[in-house]
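Quick setup: one chain, the form predicted alone, written in C-alpha cells, and binding and motion questions come after.
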Amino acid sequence: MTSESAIGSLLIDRPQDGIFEVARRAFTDPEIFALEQKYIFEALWTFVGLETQIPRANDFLTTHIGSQPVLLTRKSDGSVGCFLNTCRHRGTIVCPFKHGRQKFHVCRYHGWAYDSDGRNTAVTEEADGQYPESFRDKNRDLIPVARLESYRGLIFASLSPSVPPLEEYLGQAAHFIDLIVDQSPVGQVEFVPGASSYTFDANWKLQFENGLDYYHFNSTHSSYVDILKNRAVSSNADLPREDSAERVGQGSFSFPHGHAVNWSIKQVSAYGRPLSNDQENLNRLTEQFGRDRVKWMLRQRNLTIFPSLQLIDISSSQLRTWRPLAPDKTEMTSHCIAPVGESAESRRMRIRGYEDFFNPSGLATSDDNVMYEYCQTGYVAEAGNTLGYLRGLGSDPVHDGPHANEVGITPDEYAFGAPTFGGETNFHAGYREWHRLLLNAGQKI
C-alpha cells in the first residue's frame, strides 16, 4: 500500500529554489494509478458530452467517468440525466451502444427495462418470480451520478457529491470555453460527425502535458513544420493578420483546480482559421464582443481542464478526452468541435484542418503517440527525476499583464516569452492539484 510519505515524495515543488520535479514512478506505479482513478477521475468533474449530442427526448450516449460506465440521456421532460450504465439485476451493461435514440433500454441478459428517465419499468416474468416481499420496496431504478451540470452546452458529471459547483470549478478558465462558443451565431457548439478513439501505450499524464507543451512542436512535428513553411509561401495573403504592433510570442495562463491554457501570437495570416474566413461573422462578433475579444478568438489557444479535457482552437478545433486504462495505457477520444451556424466555407476549412493535423491519420497525432510511448519506456530507467518542468521558472511569477487584461482575467500564473519560449510552468498547476488530491487520498487509506 502506498504510504502518505511515499505520495509526498512524488512531487518536489520549490519554485523559489528553481526546483519542480515529478517522480518517474508517478507514470509507472500501479498503486498510484489506482489512487488516481478513485480520488481524481472518479472524484472530480468529468466532461461527458455536449447538449447538442442529445437534442431530443430519448437521445442518449454512453461514456465513462474514470473506470465506471455511464449513460447520458435526454429525459422525457427535456432535462438531461446521467446514470451508471449497469443493470440493477446482475450488473450487465444496460446500453452497449455509443449513441442513439430509444425510449427504453432493455438489458440483453434477462430483459429488465429502463426508460430514458432511468426508471425501471419492467422486470421480466416478475409475477412468476416468487420474489420476497422486500423486493417490492427496493429501488430498482438506474443509479444517477452524484452531480450533473452544464456550462455553455458542455455537460460535466461527477461521482462525488462534494465537488464544487461546475462554474466555480472551471473558474476563469471558462473564459476560454466562451471564446469558442461565442463564435456561434446561436451560442452553441456541436461535434462534426465522426469521432475517433484509439489507445496509446503510455500514462495519461503524458497527454495532459502534451496539450500544454509548446516546446515539443518543432522537433516532434518537424515534418509538419516543413509542410507549413512550404504552404506559407503560397498562402492566401488576403486573410486578416495580427496587428503589426503586437509582440509575437508564446504564453500561458494557469488557474486554480489545475486548469491552464497555452496561447501564441504570430504575425501570419490568422493561421488559416475558419473564423478568419468568414468576414460577415467577424463583423458581427466585433460589434458584439469588441476587437480584443475577437483577436483572442483568432489566436491559437490550447485549454486544459484538469484532469481529462482539452479544447484546442488553431487551424481547426478539437475537443479531446482521455481515459486511463492502466499505468501504461490510455484511451483517447477526439472530436472536431465547431460553432453551430458557421458558414459552409468555414466548416469545410475546419474539417480539412482537422483531418490535416488532429485526425489519427493526420500529420501530428501519430507523432505525439510515438513520443508518449518513448517516454513511457524511458521512465522505467532508474535515472532520477527528469528536468522537464523548468522552462520559465527563472522568471519572477506574474499574475496579470496586458494579455490577461485583454481577456479580463487574473490567473494564478501568467507567462510570456519568445515564439520559441515553450514555457513549462503551465504544467505546475495541474501537478499541484494532482498531488494535493493524492495527499488527501493518502490520509484516507
Partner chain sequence: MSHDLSSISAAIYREARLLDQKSWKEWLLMYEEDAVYWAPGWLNEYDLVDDPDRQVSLIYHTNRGQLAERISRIQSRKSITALPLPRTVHVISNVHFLDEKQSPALVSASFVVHVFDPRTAREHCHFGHYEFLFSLSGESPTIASKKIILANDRIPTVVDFYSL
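Numbering follows the first chain given and starts at 1. Note that the structure is predicted; figures quoted are calculated from it, not measured.
The same protein also has a form predicted together with the partner chain, omitted here; what follows describes it.
Only one listed stretch (73-81, 247-255, 174-182, 358-366) carries heavy atoms within 4.5 Å of the partner chain in the model of the complex, and that stretch is 358-366. Remark: none of the three candidate residues (Ala34, Arg119 and Glu149) comes within 4.5 Å of the partner chain in the model of the complex, counting heavy atoms only. Interface residue remark: Ile227 is counted as part of the site for the partner chain in the model of the complex, having a heavy atom within 4.5 Å. Remark: Arg348 counts among the residues lining the partner chain in the model of the complex, judged by a heavy atom distance of 4.5 Å or less. Using a 4.5 Å cutoff between non-hydrogen atoms, Arg231 counts as a contact of the partner chain in the model of the complex.
The partner chain is not shown here, but in the model of the complex it comes within 4.5 Å of a heavy atom of Ala195. Comment: the partner chain is not present in this chain, but in the model of the complex one of Asp141, Asp292, Glu242, Asp201 has a heavy atom within 4.5 Å of it, namely Asp201.
A heavy atom within 4.5 Å of the partner chain in the model of the complex is found for exactly one of Val370, Ala113, Leu282, Ile93: Val370. Shown here without the partner chain, the chain has Pro96, Phe97, Lys98, His99 in 83-120 lying with a heavy atom within 4.5 Å of that partner in the model of the complex.
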